[in-house]
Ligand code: KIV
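Before any questions on how it binds or moves, here is one chain, the form predicted alone, in C-alpha cells.
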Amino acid sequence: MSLSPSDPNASKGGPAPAEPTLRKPVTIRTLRAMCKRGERFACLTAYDATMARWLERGGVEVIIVGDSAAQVVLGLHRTLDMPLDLAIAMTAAVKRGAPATLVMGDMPFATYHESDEQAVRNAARFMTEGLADVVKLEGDASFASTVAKLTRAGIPVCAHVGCRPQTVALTGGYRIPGRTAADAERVVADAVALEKAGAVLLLVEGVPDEVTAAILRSTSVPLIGIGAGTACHGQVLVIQDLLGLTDDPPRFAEPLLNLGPQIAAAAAEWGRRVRSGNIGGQRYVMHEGEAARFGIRGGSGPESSGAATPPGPMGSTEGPGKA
C-alpha cells in the first residue's frame, strides 16, 4: 500500500485537508483489469508535486506530465519548445507527490526522432531520473521500430496517435485527422502498428467518434482519449483547462471549476491586506525576557500594540518624518 505525503499544516489549526489517498499503486496491470471489467479510468496532467498530491487524493488513476507544460507553465506558444531536462524533473516531482498513481512522462519534440538509440537513452532518463512508470511519444506507423526498441529495453510506451501537436510545423497549425475515410484508416493503422510494436497504452487526440470506435475494435490495450469522444477506456484533460485557468480552452474541454477569477480575487484581497497592514496569521515572538536584552523597552514600540508601521522610503529603516 502507498500513502501520499501528509499535509504538514494539518496540525496548525487551519481547515482540515482532504484525506490522503490510501490505495494500491496503479499499474499497467491495474488499467488492464479495469478495462476488462468495463470500468473507465481518469487521467489528468500535472507538473508539480502539490497538484499531483491532490489529484491522487481525488482518485485520479493516471497523471501525464505533458509537454503542454511548455505552454501552461513556461508561457511558450508551442509544445515543441519543452526542455528535456525540465520535463524529466517535473515528472519526478509529480511521482513524488503521487506515488500511488501511474505517472507518464511525455517525451519532448526531437528527443526520440534522431535514432532509436537516442530514444532509448532519453526514455531511460525518464524512467530513472524522472521516476516515470510509462513514457509517451507521438508517432505514426513509422515509429514502430522505436517503440519496439524501447519495449525491448523494458521501457513501457504509450503511443500517441491522431492529432499530434509536435508535428504542427508540418501542417501549418493544428488539424483534426480522420475526417475523411482515407485519413481515418491511416490513424487506425498507426494505432495498430504501434500496439504490435509493443505499446502498452494508446492515446488518441482530436479525432471523430468513428475513428475512436475503429481503434477500439482493432486494438486490445487501454486507450486514453482527449477530444476523441466518450468511448475510450480513459479520458485526459490539461488540468488548467479543467480548473478554469485557461483563457481560451479547446472546444472539447469543459471546465468543472472557475478558479481563474477566484485566484485573481484572492490576489487583490492580499494586496488590500498588505497595504492596510492586516495580513492575518500569527506573528513570532521572542522568548520571555529576550526583548529587553535585545534593547526594546516595555510597551513603547509598535510590537506591543500590534499596529502596523508605515514603511519608510526604499532603503530606509525608519518611517516618514523620522530623522
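Residue indices: 1-based, along the sequence shown. Predicted, not measured: the structure shown is a model, and the values here were computed from it.
Just so you know, the form predicted together with this ligand exists too; it's not on screen, but the next bit is about it.
Residue contact check for L55: none of its heavy atoms lie within 4.5 Å of this ligand in the predicted complex. Taking non-hydrogen atoms only, I64 approaches this ligand to within 4.5 angstroms in the predicted complex.
When contacts are judged by a 4.5 Å heavy atom cut-off, I226 counts as touching this ligand in the predicted complex. Mapping the unseen interface onto this chain, E205 counts among the residues with a heavy atom inside 4.5 Å of this ligand in the predicted complex. Exactly one listed residue, out of L102, V236, A197, I88, brings a non-hydrogen atom to within 4.5 Å of this ligand in the predicted complex: V236.
The stretch among 256 to 264, 269 to 277, 23 to 31, 65 to 73 whose residues place heavy atoms within 4.5 Å of this ligand in the predicted complex is 65 to 73. Residue K136 is the only member of 118 to 152 with a non-hydrogen atom no more than 4.5 angstroms from this ligand in the predicted complex.
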